[in-house]
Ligand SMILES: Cc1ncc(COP(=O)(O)O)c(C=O)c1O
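Quick setup: one chain, the form predicted on its own, written in structure tokens, and binding and motion questions come after.
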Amino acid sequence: MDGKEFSRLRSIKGMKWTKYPSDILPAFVADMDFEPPEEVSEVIEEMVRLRDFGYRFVDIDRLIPAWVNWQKTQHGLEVPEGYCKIFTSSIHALEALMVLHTQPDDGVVLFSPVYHPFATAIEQAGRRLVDVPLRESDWTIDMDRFRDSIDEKTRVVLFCQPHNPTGHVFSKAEIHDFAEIADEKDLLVISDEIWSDLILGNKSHLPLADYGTGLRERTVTIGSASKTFNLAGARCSVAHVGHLPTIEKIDLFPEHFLGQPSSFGAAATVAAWTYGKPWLEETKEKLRLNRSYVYDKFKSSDVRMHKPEATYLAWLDFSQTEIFENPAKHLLKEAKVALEPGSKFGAQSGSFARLNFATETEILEEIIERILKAI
């Protein structure tokens, strides 16, 4: 590949390119290898040039309006600014709102396999994890199992739409059935929708809060520019809190109790939501090509995968290979490729590994070639 670009990636100080020795190709953590939009770089560079490091609240004040407008134009979701709150990250929002609505030993539902900090947050908060595994045939929710798992002390369900790590986009029919159960069991729904801009298939993103009044009034929708524009380090998130009792609980706390993003993170995020659409469309086309490449290469192998409808993650099933026991560990040693172990996402996923395909073509080709040789 282009030597200059590879040198840039190797010089990056983020975890993706520094965790492992230089002979390892990283495809584990969900950071893209693409540079963010130029407008994002320009606003940060201007702050540095002007030494603008003081009490700069102008971009923090613009965060909620920028996100509300982005949601309306991108996904048709209209939410009132007065019901939105700012957090320092999507996980910060999820943890804070889950804890506000529960007591120790209350049940919190998640649909596994799922982004592993969800389970960690539940356990560290002293809440009871209620695991409802998705159907491996198509990664849909087993609604009967979901309903039967809920007892009188189950208070919250953590949703991920689109879904990480499977790339599944929940359909209108699925959301309809899910909404009926959430309403019947009086659950607060915390919906992590930070992958919503990265739909790669023919479906559209369906915000849970846009399904109907019953679901909107019990749903928290979490948004961020982190995955869409490769800005995880910005540490910035906005959430629409449709559940009035939760808004009232938040408002009982002092103004700074839930923290605040930095001026740099807010400026980068506002720039991305304001000017980033052309960059996003170009990037999604790259991701579609990479997705097809990965799917086609594994289709004729013993590695199985569903073609992800969204995200830039391939959820790989190695159960039919000789490395079915902890494949990520084997591939790290034998193929010099770092994938995210499936067991992190659910106890049933030990034969899986997650591959990040948001990288340059030549790097991706080498990653896949190494994996295929190793199996």
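Everything numeric in this text was worked out from a predicted model, so none of it was measured. So that there is no doubt, residue numbering starts at 1 and follows the sequence shown.
Not on display, but discussed next: the form predicted in complex with the ligand.
Check: Quick one: in the predicted bound form, does every one of S90, N164 and K227 get a heavy atom within 4.5 Å of the ligand?
Finding: Verified in the predicted bound form; spot residues all in contact, yes.
Check: From the list A239, V157, I194, A266, which entry has a heavy atom within 4.5 Å of the ligand in the predicted bound form?
Finding: Only one listed residue qualifies here, and that residue is I194.
Notebook entry, point to check: Only one of V43, A328, A30, V68 has a non-hydrogen atom within 4.5 angstroms of the ligand in the predicted bound form; which is it?
Noted result: The residue in contact is A30.
Check: Quick one: does R235 come within 4.5 Å of the ligand in the predicted bound form, counting heavy atoms only?
Finding: R235 belongs to the contact set for the ligand.
Item checked: Exercise: F298 in contact with the ligand in the predicted bound form, heavy atom 4.5 Å -> F298: no, not in contact with the ligand in the predicted bound form.
Next item on the list: Check whether Y83 has any heavy atom within 4.5 Å of a heavy atom of the ligand in the predicted bound form, and answer yes or no.
Entry: Because no heavy atom of Y83 falls inside 4.5 Å of the ligand in the predicted bound form, the answer is no.
Notebook entry, point to check: Do Y115 and the ligand come within 4.5 Å of each other in the predicted bound form, heavy atoms counted?
Noted result: Residue-level check for Y115: yes, a contact with the ligand.
Next item on the list: Would you mind picking out the stretch of 194-202, 135-143, 266-274, 176-184 that comes within 4.5 angstroms of the ligand in the predicted bound form, counting non-hydrogen atoms?
Entry: Residues of 194-202 come within 4.5 Å of the partner.
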